[in-house]
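This document opens with one chain alone, in structure tokens, the form predicted alone.
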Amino acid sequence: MRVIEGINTSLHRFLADDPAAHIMGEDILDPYGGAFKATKGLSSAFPGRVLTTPISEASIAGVATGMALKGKPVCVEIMFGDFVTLCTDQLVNHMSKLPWVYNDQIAVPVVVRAPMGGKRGYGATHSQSLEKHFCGVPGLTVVAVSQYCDIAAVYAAAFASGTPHLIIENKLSYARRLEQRDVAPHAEPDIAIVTYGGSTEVCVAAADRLDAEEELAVNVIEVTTLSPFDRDGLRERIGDCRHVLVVEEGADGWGFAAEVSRALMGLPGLSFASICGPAHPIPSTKSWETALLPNETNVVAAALDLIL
């Protein structure tokens, strides 16, 4: 099963398990089934509960919030994650705050799905990784998935929580097959690479290459829940390893690498480095995107610089 099929199956279960549940988004009805086909077949199977909308992400998020307040759980599809900025007011000021404002007497069961990431040549406004702007918002859980995580469990937990979630998907990962592989198999690794979402594939490839060419034991620590960030859990997964490389596609500064650094602060003998996306907009060619964003070659080079 591919990642996109795993997501589709999870959405099918969401609608099948709760007759009040709805899915909203742009161009998500059959036969199109959404830009990446995550909703393919759902409008036929659940007529009236898969709602196609005008091109207005702010309105989609606002209507979803209102429906959720009336007891109708909603999953929102944002066609490209770049457009989630248009939902910021609802995510930051409404979905996440309303339960607190009303002393938890109400719930806002909304899950927003947003495909992020580059390397498909979509350029400055369709290849970004903007999730860091939504991490650290009290009441909003931010999750990232890849082919190595348990897609079914992640989505089921988000839907069952009854709380606002932002799920970061990756456009390249959609076509990948789900892999039940332990990407952190070493008890005493030479290097730990901490990453999430679409960058996990790059890091796993780099770890395999470092093993084959340099005989280095590398664990890839994939973080699924970005916010709230489990600092104690990360330190436990790092264990006694003191060579830590962090990899993310987002622009450098105030992001995932900074949060990992904070979590590991004070560990004796720690050698730490990070690779991030460029500190400028993503260029409009696939080759430039691939060269500028974290890739197998620059992850291997950074790992070797860290340990040699």
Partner chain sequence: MHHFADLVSNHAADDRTCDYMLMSLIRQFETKLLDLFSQGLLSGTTHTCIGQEANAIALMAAIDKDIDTVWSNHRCHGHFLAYCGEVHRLFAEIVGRASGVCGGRGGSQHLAWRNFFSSGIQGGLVPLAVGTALADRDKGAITNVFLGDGTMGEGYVYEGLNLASLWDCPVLFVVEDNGIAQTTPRDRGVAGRIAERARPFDIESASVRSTDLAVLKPAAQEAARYVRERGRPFWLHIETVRLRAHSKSDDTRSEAELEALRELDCLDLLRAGMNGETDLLDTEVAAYLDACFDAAMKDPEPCA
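If you're wondering where the values come from, they're calculated on a predicted model, not measured in any experiment. Numbering follows the first chain given and starts at 1.
This protein has a second form, the form predicted together with its partner chain, left out of what is shown; the following refers to that one.
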| query | finding |
| --- | --- |
| Contacting member of 263, 241, 257, 67, with respect to its partner chain in the predicted bound form [4.5 Å, heavy atom] | 67 |
| Residue among 128, 90, 227, 147 with a heavy atom within 4.5 Å of its partner chain in the predicted bound form | 90 |
| Partner-proximal stretch of 44-52, 245-253, 27-35, 269-277 relative to its partner chain in the predicted bound form, 4.5 angstroms, heavy atom | 44-52 |
| Non-hydrogen atom contact residue 94 with its partner chain in the predicted bound form at 4.5 angstroms | yes |
| Proximity of residue 98 to its partner chain in the predicted bound form, heavy atoms at 4.5 Å | yes |
| Its partner chain contact in the predicted bound form: residue 106, any heavy atom under 4.5 Å | yes |
| Heavy atom of residue 186 within 4.5 Å of its partner chain in the predicted bound form | no |
| Three-residue site 59, 72 and 102 fully in contact with its partner chain in the predicted bound form at 4.5 Å by heavy atom | yes |
